[in-house]
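One chain comes next, on its own, written as structure tokens: the form predicted alone.
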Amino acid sequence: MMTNYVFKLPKNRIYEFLNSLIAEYTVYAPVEGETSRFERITDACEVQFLPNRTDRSLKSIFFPPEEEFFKWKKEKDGYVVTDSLKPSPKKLIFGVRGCDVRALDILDRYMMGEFSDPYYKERRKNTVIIGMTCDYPRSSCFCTAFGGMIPHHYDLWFTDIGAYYLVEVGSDTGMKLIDSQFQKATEQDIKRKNQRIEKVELEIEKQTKINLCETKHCSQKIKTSVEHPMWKELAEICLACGKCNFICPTCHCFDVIDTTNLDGSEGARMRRWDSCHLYEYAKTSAENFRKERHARVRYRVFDKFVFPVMRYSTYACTGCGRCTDICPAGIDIREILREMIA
């Protein structure tokens, strides 16, 4: 880490800086449409400088909703199999918020840990992260429950301090992006940055009213709540639609499907996102071992706050609040956690 290196960039130079990055990297940044999301940009003018996180996370850049593993075709001498894994260009993600940077760290553990996924790994390598501090929180945000807005890992981190962005360097790669447009930050600039972060985090804490930083203690309390009546209460309103899984930046469950044409001469193996909330998810040839809706509601919470702590000593939630925003039944994950660890 190179956190002692702190610079500032005039706001009127940000487009020039971004266009210089586009010349060297495949750049993704927030864009707005029906929903705000990360998309590849070819000009800095396409970037939307949002005040907080995007509606959609950047998960799909590395783990798309649907992808082809390989395809096959019947030839005269037998079947020819073609791997769909292709070299990935070096990427740069601009405007990432702390919750999504933490989510990438969690996905890395699942997808490149004891079982390494070559498709995810190829997309993930050579990725530069330029994060940005939120100007104010969304009503569903609760990142301070996990330690705050600013993550431990990034290459550059931008914070709006008025006429400038204060830019903190977090890696050697980030340091190489600093050019003559950047000026050395002053103590006053750093103080202004700290005040901005403290103000936003205080707003989040006021609306969150929950602290999960004592990871093992909180996880154990949730673990002992298997028979809590809240699970059945939630099951009565939960639609089991899976939206919370699909929107989550760390959910990584998938199904593998083989497709073929009518005469069976060619086909492909595909991966598609799956959801533990769906009735079919736990269905096997013998039985459905999680057919009750309350069991699926409980499993989803345990899969964020119990199982990953047992496996990796960390939660698989980053407090982005997207699941709360998208839930058609109005279920708020914070209310569940307050009840569980009270």
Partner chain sequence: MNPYIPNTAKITEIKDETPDTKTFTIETNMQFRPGQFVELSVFGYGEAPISISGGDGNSIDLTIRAVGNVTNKIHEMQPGDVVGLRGPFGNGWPYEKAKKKNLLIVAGGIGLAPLRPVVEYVMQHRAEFEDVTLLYGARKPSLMLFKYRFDEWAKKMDLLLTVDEPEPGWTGHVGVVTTLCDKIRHVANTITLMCGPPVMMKYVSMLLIELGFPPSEMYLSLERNMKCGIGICGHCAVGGVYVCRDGPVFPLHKALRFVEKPHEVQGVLD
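Positions refer to the first chain, counted from 1. Please read all numbers here as calculations on a predicted model, not as lab measurements.
The same protein has a further form, the form predicted in complex with the partner chain, not shown here; the description that follows concerns it.
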| property | result |
| --- | --- |
| 4.5 Å heavy atom contact, residue 42 and the partner chain in the model of the complex | no |
| The partner chain contact at residue 302 in the model of the complex, heavy atom, 4.5 Å | yes |
| Contact test in the model of the complex: residue 111 vs the partner chain, heavy atoms, 4.5 Å | yes |
| Residue 83 within 4.5 Å of the partner chain in the model of the complex, heavy atoms | yes |
| Residue stretch of 136-144, 222-230, 123-131, 190-198 approaching the partner chain in the model of the complex, non-hydrogen atom distance within 4.5 Å | 222-230 |
| Heavy atom of each of 258, 285 and 292 within 4.5 Å of the partner chain in the model of the complex | yes |
| Contacts with the partner chain in the model of the complex - residues in 232-255 whose heavy atoms fall within 4.5 Å | 252, 253, 254, 255 |
